[in-house]
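Let's start with one chain on its own, the form predicted on its own, as structure tokens.
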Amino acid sequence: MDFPSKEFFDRLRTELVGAADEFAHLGVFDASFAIRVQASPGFAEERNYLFRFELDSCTELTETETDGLEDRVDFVLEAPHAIWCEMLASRQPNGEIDAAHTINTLCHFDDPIRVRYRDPLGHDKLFRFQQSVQTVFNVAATVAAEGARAST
């Protein structure tokens, strides 16, 4: 299961819905955000994925268009394909992404992941819900690891 692919994100949505208890433990998570997977060597086409959470549930996870994306979400996390793959591959045995590859670390100084937003309150949501956002990527790293094992 390649990242990014329809199969990857379908599986991720299923896993995020199944992780509702983990999100509930972290508190209310009302945010919408997107990831922009930019072209990089071996990945020619930019892709965007919208995530919407209400209370403690993933209510939407869809591929979306670039046009007006920043106006439709609280924030966009933008990085080349290679950076996303490196982050997902850094999953530790406990299921969490290692400290050098967390969203907080990779967004520091907008390098190598840039944070895009129109409204400062949207940017604030990234930090207010940081642990929930990180949980999304921890689950994504697990999906990526399971996909890699299934393809070998």
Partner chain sequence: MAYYSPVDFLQDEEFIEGMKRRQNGELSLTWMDAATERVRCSPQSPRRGMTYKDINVGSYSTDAIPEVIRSHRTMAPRGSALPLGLPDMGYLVNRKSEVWANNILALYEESKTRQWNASTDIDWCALPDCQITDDMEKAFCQLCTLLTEVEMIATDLPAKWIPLINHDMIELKSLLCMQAVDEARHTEVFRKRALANGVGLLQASVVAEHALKGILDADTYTQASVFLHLLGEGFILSTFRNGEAIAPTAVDKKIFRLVMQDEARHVSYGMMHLKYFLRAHPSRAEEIHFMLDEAETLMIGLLGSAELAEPLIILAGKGFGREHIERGVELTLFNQLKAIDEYFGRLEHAGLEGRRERSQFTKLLAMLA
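Positions refer to the first chain, counted from 1. As the structure is a prediction and not an experimental result, all values here were calculated from the model.
If you look for the form predicted in complex with the partner chain, you will not find it shown, but the lines that follow are about it.
Partner proximity in the predicted bound form, defined as non-hydrogen atoms within 4.5 angstroms of the partner chain, places exactly one of 106 to 114, 37 to 45, 63 to 71, 81 to 89 at the interface: 106 to 114. Across the proposed site, 3, 18 and 146 without exception lack any heavy atom within 4.5 Å of the partner chain in the predicted bound form.
Heavy atoms of residue 26 reach within 4.5 Å of the partner chain in the predicted bound form, making it an interface residue.
Shown alone here, residue 32 lies farther than 4.5 Å from the partner chain in the predicted bound form, counting heavy atoms only. Taking the partner from the other structure, the partner chain in the predicted bound form has a heavy atom within 4.5 Å of a heavy atom of residue 131. None of the heavy atoms of residue 95 is located within 4.5 Å of the partner chain in the predicted bound form. Using a 4.5 Å cut-off on any heavy atom, the residues of 42 to 63 that reach the partner chain in the predicted bound form are, in sequence order, 54, 55, 56, 57.
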